[in-house]
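We begin with a single chain expressed as structure tokens, specifically the form predicted alone.
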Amino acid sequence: MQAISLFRKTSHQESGFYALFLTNRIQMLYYMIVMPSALVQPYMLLAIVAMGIASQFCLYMLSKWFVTPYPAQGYQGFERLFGKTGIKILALVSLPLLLLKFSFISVSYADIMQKFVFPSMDREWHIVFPFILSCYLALFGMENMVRFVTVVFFGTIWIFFLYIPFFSVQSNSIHDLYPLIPIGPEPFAWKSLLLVFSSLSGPEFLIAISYWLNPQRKMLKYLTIANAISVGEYLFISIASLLFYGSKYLPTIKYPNVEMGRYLQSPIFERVDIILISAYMFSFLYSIALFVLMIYGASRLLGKTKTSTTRIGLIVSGCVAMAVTIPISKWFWEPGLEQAVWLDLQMWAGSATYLLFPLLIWIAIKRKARTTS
């Protein structure tokens, strides 16, 4: 198979906006899938604000990585900071986390496709077909993938505005958003916080692609703007869901955001919800392609990093991810397990990586600065 440069870098222009678009789209990846039916009480809106602040703290630590000279050096920068053994350990830890993220996103989106678009088709086909398209995108290489996020951002951000009509329904009342402070003890409120924080996770994987983001000192500004947009979108659509369904009926809806699309009227399209799902595929396909490239990169770090990248290597990495995903969808993604096991696992894993990866990088930078001074 012909050798290609999947991880080459040819451009050195500032790419803060790429980081902004990447952060925002990755943070919004789980929203349509799980959040509105979990944040069913009005006071849980405060959880979005609180976790948005916590997310900003993680992004602050992450921004410290971008102002150092290490990201611009690529693999050599990581080697200077962690050593060869440390890099292999990080790759070994990151690989199962990437596979989990890959599987969770793939099966969740396939579940939506099967329920709303092609109910007669097996869910596994809804995983395989988008995967083939994602592999095709990944073959253009990491540098082109980073640039393509601009198309993904502007191809999906407009979905946010489609929920405006739900604020103008005559039956809406401000009382639907009460109480903002819980009246009694809520034993599972911490789980809502964990879910929001996990949904805001994802920017920690920018560490792996920082070489192509052309690190700069103003990166914190772009990350902050992206985080603010994500929190604003979360609040906007959560309030729209509460106003439309009410806090008593909302828990009974599995995919409230998609269901709301069925009530949107259009003189051109009869099923607006299908348009929403299709538009969301931009983010889905992009994220899967990005994770396939990261999985391939992590596997190379565990092997011979000096060998040239190949198409067959990328495809094999993707097939390994599919070999993990298909059995989960076929035998382990059942009602009950889906919520009690996989969502909980993703919540804990996403929250842990979002907190610990930037913290680890920040500590390593501080430690390196002390040893070299």
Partner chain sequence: MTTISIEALKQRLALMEDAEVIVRETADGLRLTFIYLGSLIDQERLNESILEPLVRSFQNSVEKSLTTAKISSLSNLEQAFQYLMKGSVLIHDSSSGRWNAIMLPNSLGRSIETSETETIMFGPKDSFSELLEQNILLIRRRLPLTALKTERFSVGSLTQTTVVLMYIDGLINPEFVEVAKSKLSSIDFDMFLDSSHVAAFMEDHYHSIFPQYLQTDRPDSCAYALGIGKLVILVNNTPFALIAPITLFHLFQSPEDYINRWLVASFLRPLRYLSFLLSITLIPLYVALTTHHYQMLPLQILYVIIESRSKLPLSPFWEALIILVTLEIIKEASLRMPTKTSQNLGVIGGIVIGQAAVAAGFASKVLIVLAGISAISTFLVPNYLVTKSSLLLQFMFLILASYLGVPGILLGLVGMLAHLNGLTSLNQPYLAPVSPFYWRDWVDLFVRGPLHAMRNRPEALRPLNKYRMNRRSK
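Since the structure is predicted, the reported quantities are computational estimates derived from the model, not experimental observations. Positions refer to the first chain, counted from 1.
Just so it is clear, the following notes concern the form predicted in complex with the partner chain, a form of the same protein that is not shown.
In the predicted bound form, the partner chain lies farther than 4.5 Å from every heavy atom of residue 77. In the predicted bound form, residue 21 approaches the partner chain with a heavy atom inside 4.5 Å. When contacts are judged by a 4.5 Å heavy atom cut-off, residue 207 does not count as touching the partner chain in the predicted bound form. Mapping the unseen interface onto this chain, residue 110 falls outside it, with no heavy atom inside 4.5 Å of the partner chain in the predicted bound form. Note on the interface: of 133 to 141, 291 to 299, 81 to 89, 193 to 201, the segment with non-hydrogen atoms within 4.5 angstroms of the partner chain in the predicted bound form is 133 to 141. Comment: the partner chain is not present in this chain, but in the predicted bound form one of 213, 99, 285, 162 has a heavy atom within 4.5 Å of it, namely 285. Contact with the partner chain in the predicted bound form, judged by any heavy atom within 4.5 Å, is made by just one of 275, 93, 228, 235: 275. For the three marked residues, 221, 348 and 356, no heavy atom of any sits within 4.5 Å of the partner chain in the predicted bound form. Taking the partner chain as it sits in the predicted bound form, the stretch 113 to 135 comes within 4.5 angstroms of it through a non-hydrogen atom at 113, 117, 118, 121, 129, 130, 133.
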